[in-house]
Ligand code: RIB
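Shown here is one chain on its own, the form predicted alone, set out as structure tokens.
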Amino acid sequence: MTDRIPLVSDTDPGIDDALAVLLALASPEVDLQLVTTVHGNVELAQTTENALRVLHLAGRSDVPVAVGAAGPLVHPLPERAGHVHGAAGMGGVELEPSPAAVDPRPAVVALAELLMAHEPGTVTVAPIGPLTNLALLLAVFPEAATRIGRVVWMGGSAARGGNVTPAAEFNAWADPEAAHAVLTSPLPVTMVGLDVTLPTVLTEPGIERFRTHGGRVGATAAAVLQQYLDAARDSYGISGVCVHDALALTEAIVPGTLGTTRRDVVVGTTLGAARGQTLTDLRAVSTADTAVEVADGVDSDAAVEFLVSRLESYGA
């Protein structure tokens, strides 16, 4: 396939991160050229090991994995999400170790070098964890950051409140200073937040489809999702999982999947109850060069079908 989108996944695996990476690898529209890891759902060493193992599961240990930020820019993260993803981040499933070693370059260096090697505006960066690495790229390699074609971030919430606190979504809350730096920069950011991810639910029949037809990869993905299913049932009372990160990757793979509106977004960086809140100006469409494309429309059934069918393709 020609004109594949060069893609970077900035990730903190995490169950839904693993699903998103597998989706990207199964999608001919994109060429996953680099994975950068970041602190978040679990500690950095574990997110990095998980990234290596997920790529190996899909037969893509050739994709380089570069290690990123071990913690937020300013304040320590009060807690991680092991209660949702399991202590090791993969829902208690132990994936086979990868034969590949991590890339010797720090994540921001690897990302900057990749961006400088491509034509400006051609690379999509899909952060599906805290935005620490992107904020560091802006600070250290601003000339490389300006070459990004799109940033498609899973994080924040414009109108639904939060999931880790009443005000904040986890990825924004995990490093609010970084999120504020990125969302108020001129980077072309699309924010795929809880407004569209919470209604997009992968149910047990869908999981059973790729468990049955998706070969070893699909069966493993289904097994990893079991703890996520249990957590969603406890947290939201649903028999399925919200495909947070995979929905952001779907928008990165097929631009225009989600309806968006340009909004001004700032992030609460105080240490009070509003920490990590993505304060979105819903009064008017923004014309500022720092405006964010805020996702506010989704065909949830179509998005779930896209994910399921791509995971089924591993068994073809």
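Here the structure is a predicted model, which is why all the values come from computation and not from measurement. From 1 onward, residues are counted along the sequence shown.
Note that the form predicted in complex with this ligand isn't included here; everything after this is about it.
128 is the sole member of 128, 182, 191, 241 with a non-hydrogen atom lying within 4.5 angstroms of this ligand in the predicted bound form. Within 4.5 Å of any heavy atom of this ligand in the predicted bound form lies no heavy atom of residue 200. This ligand is not drawn, but in the predicted bound form it has no heavy atom within 4.5 Å of residue 157. Under a 4.5 angstroms non-hydrogen atom cutoff, this ligand in the predicted bound form has residue 163 among its neighbouring residues. A residue is said to contact a partner when one of its heavy atoms sits within 4.5 Å of a partner heavy atom; residue 132 fails this definition for this ligand in the predicted bound form, lying far away.
None of 207-215, 98-106, 164-172, 112-120 except one has non-hydrogen atoms within 4.5 angstroms of this ligand in the predicted bound form; the exception is 164-172. Residue 41 is the only one in 29-50 with at least one heavy atom within 4.5 Å of this ligand in the predicted bound form.
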